[in-house]
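Shown here is one chain on its own, the form predicted on its own, set out as structure tokens.
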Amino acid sequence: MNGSGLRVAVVGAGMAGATCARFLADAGLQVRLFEKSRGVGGRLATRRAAWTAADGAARRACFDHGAPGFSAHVPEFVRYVEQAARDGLLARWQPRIAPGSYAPLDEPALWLPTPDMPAWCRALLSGLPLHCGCVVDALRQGPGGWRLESAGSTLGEGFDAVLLALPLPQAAALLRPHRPEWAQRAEALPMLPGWALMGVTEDAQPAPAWDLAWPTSGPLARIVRNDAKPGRERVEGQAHWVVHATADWSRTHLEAPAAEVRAALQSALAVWLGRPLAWQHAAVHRWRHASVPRATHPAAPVAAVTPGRCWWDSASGLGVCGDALGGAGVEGAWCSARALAELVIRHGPGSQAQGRVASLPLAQP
């Protein structure tokens, strides 16, 4: 059954949701997206900050406080990324790794959306109906199709299919009335939290001869000189930092006050650098579902885009995709979304193919 003309709601406008929506729309399906945040991108995130300096001057800065970048291994994703780079949506970053860091798990070269992290998702969603600031808290299915609700009010209705591109712990509540076994599996798949510190310090000393560090001990998992990235602003006399805490530390301090977390991470950075820092601005962000444990995907990075990287019930028109299913990270999110889009297009709602169609071939991008 070809899915052309079907009405599909995609819940979540991060990399998985944006990718899935774009493939579906390009195949002729009518797609609407619903995103709880004010903007798109999910963990491809950039925070804009403004403050008044000690001298009374207005200052501003941007911080990529989610994923610092991503790599590409799967052939389909590599081709997709290279085309996005030719279109001016991505830049290549070869960060200098700080001495004493963990050895990189793969090549240190990364891809970055430009001019900010959500830019790629915005481009993928160009021209598609998008509703931000919408918290979908219930799904109802009736003779007229699927209805999406928020606090008892209808956000949209008459959909042939609903696809959830959310962190699995968030998707579980929506799945439970319709596919309780999926909800149970979603709750069982672990996702790790993460605190992120964003800040600007006075840079009186020469800039360090590195851009990215992976500390081998302590509360810090990753230290990034955000102003060393391609396309990011570098300001004379300033250093722009994004510091990610380890999952264990973040879990222990998950409900700690933001001021306490900020002070602890500032102190940890100073200890790691071996010198005090003069902060002009600092803030923290808590990611409750920051990453997928690599142990969850022993073969990660994934070897291919396969339908088994998503969940699809063609009988009801309900599907799930995301990095937790696709192999972790931006690449995993893309692989999962691509697989789900192919299933919806080729085995749309109402067909007899149900669940994961493992034999489905994939067209080239």
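Please read all numbers here as calculations on a predicted model, not as lab measurements. The numbering used is simple: start at 1 and walk along the sequence shown.
FYI, the form predicted in complex with a small molecule isn't displayed, but the following is about it.
Checklist entry - Looking at 239, 74, 220, 134, which is the one with a non-hydrogen atom within 4.5 Å of the small molecule in the predicted bound form? => result Of 239, 74, 220, 134, the residue with a heavy atom within 4.5 Å of the small molecule in the predicted bound form is 134.
Checklist entry - So which stretch, 330-338, 53-61, 23-31, 310-318, is the one near the small molecule in the predicted bound form (non-hydrogen atoms, 4.5 Å)? => result Selected stretch: 330-338.
Item to check | All of 12, 65 and 68 within 4.5 Å of the small molecule in the predicted bound form, heavy atom check | outcome: All three within 4.5 Å in the predicted bound form.
Checklist entry - Even though the small molecule is not shown here, does residue 166 get within 4.5 Å of it in the predicted bound form, heavy atoms only? => result Answer yes; at least one heavy atom of residue 166 falls within 4.5 Å of the small molecule in the predicted bound form.
Item to check | the small molecule contact in the predicted bound form: residue 93, any heavy atom under 4.5 Å | outcome: Residue 93: no, not in contact with the small molecule in the predicted bound form.
Next on the checklist: Given that the small molecule is not shown alongside this chain, does residue 290 nevertheless sit within 4.5 Å of it in the predicted bound form, heavy atom to heavy atom?
Outcome noted: Result yes; residue 290 sits at the interface with the small molecule in the predicted bound form.
Checklist entry - Closest heavy atom of residue 266 to the small molecule in the predicted bound form, within 4.5 Å or not? => result Answer no; every heavy atom of residue 266 is more than 4.5 Å from the small molecule in the predicted bound form.
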